[in-house]
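Below you'll find only one chain, the form predicted on its own, shown as structure tokens.
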Amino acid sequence: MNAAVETLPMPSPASETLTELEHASRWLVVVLNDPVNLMSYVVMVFRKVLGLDEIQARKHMLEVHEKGRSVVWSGAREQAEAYAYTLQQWQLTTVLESEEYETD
């Protein structure tokens, strides 16, 4: 009596690499400068949405104003998407960027 042996396909190195890359990246929430919102409004939104204290919120607001952008949060993709969406609902120009972790 011969029993059939079922073999499962081995994952290819390419799919393992993709999975590693997905887990090895973090997402940046970037607020861009716009000519519409008042500086005090931007500080208030950063405090409410991101939970920043007054000093941190002002630092990011000034960075947006002077440099045109500020990374206000970084981490897991789902949370980054949630923050970006909420900031956009508050009328702040916000984008997501992926940042690869460097491995040594």
Partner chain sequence: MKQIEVRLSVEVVAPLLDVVRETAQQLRAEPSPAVHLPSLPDDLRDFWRADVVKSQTSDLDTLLGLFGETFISEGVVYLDSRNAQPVLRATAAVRLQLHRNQLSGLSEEELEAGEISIDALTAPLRRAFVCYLFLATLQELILHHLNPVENA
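Since the structure is predicted, the reported quantities are computational estimates derived from the model, not experimental observations. Residue numbers count along the first chain shown, from 1.
Omitted from view is the form predicted in complex with the partner chain, to which the following refers.
Within a 4.5 Å heavy atom cut-off, is V71 in contact with the partner chain in the predicted complex?
Close contact is absent here: in the predicted complex, V71 is far from the partner chain, nothing within 4.5 Å, heavy atoms only.
Do M44 and the partner chain come within 4.5 Å of each other in the predicted complex, heavy atoms counted?
Result yes; M44 sits at the interface with the partner chain in the predicted complex.
So in the predicted complex, is the partner chain close enough to I55 to count as touching (4.5 Å, heavy atoms)?
Answer no; every heavy atom of I55 is more than 4.5 Å from the partner chain in the predicted complex.
Would you classify S25 as touching the partner chain in the predicted complex, given a 4.5 Å non-hydrogen atom cut-off?
S25 lies outside the contact set for the partner chain.
With the partner left out here, which residues of 80 to 94 have a non-hydrogen atom within 4.5 Å of the partner chain in the predicted complex?
Those in contact are E81, A84, Y85, Q88, Q89, W90, Q91, L92, T93, T94.
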